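Just the one chain here, laid out as structure tokens, in the form predicted on its own.
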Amino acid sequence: MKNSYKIKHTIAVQVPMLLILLLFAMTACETEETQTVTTLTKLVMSDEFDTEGAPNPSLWNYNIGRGPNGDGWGNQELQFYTDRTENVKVDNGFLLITAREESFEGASYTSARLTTQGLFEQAYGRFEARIRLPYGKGIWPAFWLLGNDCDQNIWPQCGEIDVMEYLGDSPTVVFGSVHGPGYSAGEAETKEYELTGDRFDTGFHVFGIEWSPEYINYYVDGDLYNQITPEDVAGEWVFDHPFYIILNVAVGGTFPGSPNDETTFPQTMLVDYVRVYENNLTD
């Protein structure tokens, strides 16, 4: 059953109940910042990573190499993505994606990038994953979605939703963003979430979005920290068709910069699960 409600930013003060009612009546028509939230319960895809070895081939593909144009996947990333067990495997109930410093196929680093392209693609719903992140300058892990029409409509026209993006030298901060025509790369619509008294590399946290035709909500551990709507973007809203999931750990690139002398390898992102729920608009 779908439950919708509004979250409003208010300040609590101690005043008599009658005064509260009077103030409410006087201000009911004023505009307040609101965020729409939808609770989804129909699970349509789940990988709990409970089978040892290679990731489930019915759900996950591998991107191999340094990008279609050999340019570090358009970001000047330094790693060579492989499907080797040294870089990606399921072990002890977790998916491990490991970045290593080694000479391989002309690159100085290796890592892995998994996608559900052609295997699982969906428009709208809740996408979430429980992840422990790595650490270090130049380490750039992400949990994100890409439009399934990117082979026909070149990025950013196909759309990109970054559920979680993280820089390894800022272990208390993650980003939630969208990229589309007119608002991509450094001009993406984005917001950061900062932990208090904790770090993303020392324990697991749940990163998720709830996506509908009217908004994309961003969550960390169930806390709603960002809502992006068609009115928020500086261009066409292109989030109205199926997207597929990507999990990867990049090394270097234009956003994080290169590793430095204090960056240690290997660095591993551990994924406990990936789950997708479907909008059930008829309930």
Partner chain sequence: MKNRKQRNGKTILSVLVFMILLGCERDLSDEAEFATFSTTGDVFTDLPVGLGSNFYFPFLGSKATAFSVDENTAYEGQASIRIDVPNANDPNGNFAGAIFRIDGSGRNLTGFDALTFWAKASQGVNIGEIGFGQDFGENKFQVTRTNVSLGTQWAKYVIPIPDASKLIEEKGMLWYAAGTNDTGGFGYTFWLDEVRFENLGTIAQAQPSILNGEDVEQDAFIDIPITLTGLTQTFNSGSGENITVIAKPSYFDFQSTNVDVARSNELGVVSVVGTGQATITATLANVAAAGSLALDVAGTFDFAPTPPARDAGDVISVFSDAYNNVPVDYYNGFFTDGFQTTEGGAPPIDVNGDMIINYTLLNFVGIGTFNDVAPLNLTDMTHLHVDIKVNEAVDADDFIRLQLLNSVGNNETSGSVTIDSSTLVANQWVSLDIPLADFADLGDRSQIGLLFFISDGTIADIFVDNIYYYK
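Note that the structure is predicted; figures quoted are calculated from it, not measured. Residue numbers count along the first chain shown, from 1.
Below, we turn to the form predicted together with the partner chain, even though it does not appear here.
With the partner left out here, the partner chain still marks one of 200 to 208, 150 to 158, 108 to 116, 122 to 130 in the model of the complex; by a 4.5 Å heavy atom cut-off that stretch is 200 to 208. In the model of the complex, at least one heavy atom of D169 sits within 4.5 Å of a heavy atom of the partner chain. Interface membership of W73, defined by any non-hydrogen atom within 4.5 Å of the partner chain in the model of the complex, is ruled out. Taking non-hydrogen atoms only, Y135 approaches the partner chain to within 4.5 angstroms in the model of the complex.
Looking at 212 to 241, no residue comes within 4.5 Å of the partner chain in the model of the complex, counting any heavy atom.
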